[in-house]
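Consider the single chain below, provided in structure tokens and representing the form predicted alone.
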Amino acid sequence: MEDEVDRLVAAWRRERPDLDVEPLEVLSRVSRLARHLDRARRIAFAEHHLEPWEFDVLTSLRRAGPPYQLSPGQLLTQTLVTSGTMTNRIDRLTKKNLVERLPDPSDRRGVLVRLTAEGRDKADQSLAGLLDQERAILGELSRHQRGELAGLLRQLTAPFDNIPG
């Protein structure tokens, strides 16, 4: 079975035989797959009237377990955005009644962000929709192939996930 990347690689090999274009065989496919995944995520979230960033914040809180709350700093770490961006996102989610701000009992100046019942429902429903979309994307692979691919991708992503700062 041939795909668009095979055609792209063949063209580069023809036009630039002096270059080793082998990385394109993997990373162009990862890039194309990321675009398809982004499209699938947007569809899944739109069904629940959420933006991808809203899903990221809500599911970070949901994964925290009861009482489904984190400090803004913990949310920054999990979602990889700046402090100003996170403040704006918390404000917007608060206005939609999906999260609430509470005083942090261990830090008089701090706050905690807690998922509301409505926010928890949105997180749960949108996650289920996302998993349906992702299962469809992975449908051509066996369970064994999915595990193998996950391990290989982990090898590539782990060094980026473990960079300080």
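Sequential numbering from 1, following the sequence displayed. Note that the coordinates shown come from a computational prediction; the quantities given were computed from them, not determined experimentally. So that the term is clear: the rigid core is the largest set of C-alpha atoms that superpose within 1.5 Å between two forms.
The following text describes the form predicted in complex with another copy of the chain, which does not appear among the structures shown.
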Heavy atom within 4.5 Å of another copy of the chain in the model of the complex - the one residue of Asn88, Ser71, Thr94, Thr79 that qualifies: Thr79
Select from the listed residues Glu134, Glu47, Glu100, Glu51 the one whose heavy atoms reach within 4.5 Å of another copy of the chain in the model of the complex. Glu134
Contact flag, Asp107 vs another copy of the chain in the model of the complex, heavy atom cut 4.5 Å: no
Should Leu33 be classed as touching another copy of the chain in the model of the complex when contacts are defined as heavy atoms within 4.5 Å? yes
Does any heavy atom of Arg114 come within 4.5 Å of a heavy atom of another copy of the chain in the model of the complex? no
4.5 Å heavy atom contact, Arg29 to another copy of the chain in the model of the complex: yes
Contact check, 147 to 161 vs another copy of the chain in the model of the complex, heavy atom within 4.5 Å, ordered by sequence, gives Glu148, Leu149, Ala150, Leu152, Leu153, Arg154, Gln155, Leu156, Thr157, Ala158, Pro159, Phe160, Asp161
Aligning on the core only, does the CA of Leu130 end up 2 angstroms or more away between this form and the one not shown? no
Is it true that Gln69 shifts between this form and the one not shown by 2 Å or more at the Cα, once the core is aligned? yes
